[in-house]
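Below, in structure tokens: the form predicted on its own, a single chain.
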Amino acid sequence: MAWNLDSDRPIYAQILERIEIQIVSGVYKPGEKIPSVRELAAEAGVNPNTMQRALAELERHGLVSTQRTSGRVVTEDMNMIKETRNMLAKEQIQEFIQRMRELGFEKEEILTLLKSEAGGEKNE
């Protein structure tokens, strides 16, 4: 089944983000081999060159490395994984706050809503 990719943003950037999320969430564990470019491209429904570009970017970020005989593996550097996780979380928070401000919410209102939702309370 093809991945649900948005045509508004570069495909390789979306692939990069998706694999980062899979790494920080534990889908791909530290030291684990990830599927080949061709396997991932087929799964995502994209050109292998696009997948290669995204994986090369992950290597530059240090989240994966290429090992001659076993392909690409996830880093075992837990600090790198934790930093990436925090970076992705901050991006999500900033996007959320921006959208809430576009809706007219002020800081305190946003915090109140977050506390309410995080606490499991329902505003009905």
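Please read these numbers as outputs of a predicted model, since none were measured by experiment. We call the rigid core the largest set of C-alpha positions that still match within 1.5 Å between the two forms. Numbering starts at 1 and follows the sequence shown.
Another form exists, predicted together with the DNA; not displayed. Remarks below refer to it.
Stretch 49-57 is the answer when you ask which of 24-32, 49-57, 74-82, 92-100 has residues with heavy atoms within 4.5 Å of the DNA in the predicted complex. In the predicted complex, the DNA sits beyond 4.5 Å of every heavy atom of I110. Contact between L114 and the DNA in the predicted complex is not found at the 4.5 Å heavy atom cutoff. The closest heavy atom approach of G62 to the DNA in the predicted complex falls outside 4.5 Å. A residue is said to contact a partner when one of its heavy atoms sits within 4.5 Å of a partner heavy atom; L88 fails this definition for the DNA in the predicted complex, lying far away.
Looking at 65-92, the residues that come within 4.5 Å of the DNA in the predicted complex, counting any heavy atom, are T66, R68, T69, S70, G71, R72.
In this overlay on the rigid core, S70 has a C-alpha that sits 2 Å or more away from its partner position between the shown form and the other one.
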